[in-house]
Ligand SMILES: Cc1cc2nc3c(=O)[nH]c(=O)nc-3n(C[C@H](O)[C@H](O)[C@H](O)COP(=O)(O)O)c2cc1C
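Before any questions on how it binds or moves, here is one chain, the form predicted alone, in structure tokens.
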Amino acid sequence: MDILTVIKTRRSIRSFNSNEIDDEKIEKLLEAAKWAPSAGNLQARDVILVKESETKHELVDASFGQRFIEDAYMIIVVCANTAKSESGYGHRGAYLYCIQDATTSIQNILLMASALGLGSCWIGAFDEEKVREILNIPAEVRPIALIPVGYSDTEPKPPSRSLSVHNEKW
């Protein structure tokens, strides 16, 4: 499948069946995250794989009751490593570049999941401090997204899309 087809067919999945994901597919998701671009190649992003039912249940509470994440085979928590980015770029690294590093990895994970026949969803609505506490995340690392990943129970239709394009100046 070519990359534009993967981009166009990727959907946010909020309904999962109970099928397990084999280790080879998980490795491909992580490889996709690893190869995302990063500021100065500092790779200031980390991931946490959550498969335990109890921990997933706790993350439902931290994500304001988004129950569907608990049904996914796993949740990939993508984090920005502020200390690593700050070491190379100071304040701008700590407050922007590491977040950009994390988000490029998130997009790669979402696209790879789709290419592998998996469903996923980018979850940004969560209590950062609760997630930090549940997963024992150090202070210099910020959780940026929760990505539930599993086999989809649905086939959502594509939404309409638009893009505002401006030549040279707004």
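From 1 onward, residues are counted along the sequence shown. The shown structure was predicted, so the numbers you read here are calculated from the model rather than taken from an experiment.
We do not show the form predicted in complex with the ligand, though everything after this point is about it.
Under a 4.5 angstroms non-hydrogen atom cutoff, the ligand in the predicted bound form has A125 among its neighbouring residues. Not displayed here, the ligand is approached by C121 to within 4.5 Å at the level of heavy atoms in the predicted bound form. With a 4.5 Å cutoff on heavy atoms, Q66 counts as touching the ligand in the predicted bound form. For the chain shown alone, N17 is not a contact residue for the ligand in the predicted bound form, no non-hydrogen atom being within 4.5 angstroms. For the ligand in the predicted bound form, the listed stretch (66-74, 40-48, 23-31, 133-141) containing residues with heavy atoms inside 4.5 Å is 66-74. Applying a 4.5 Å heavy atom cutoff to the ligand in the predicted bound form picks out R10, R11, S12, R14 from 8-36, in order along the sequence.
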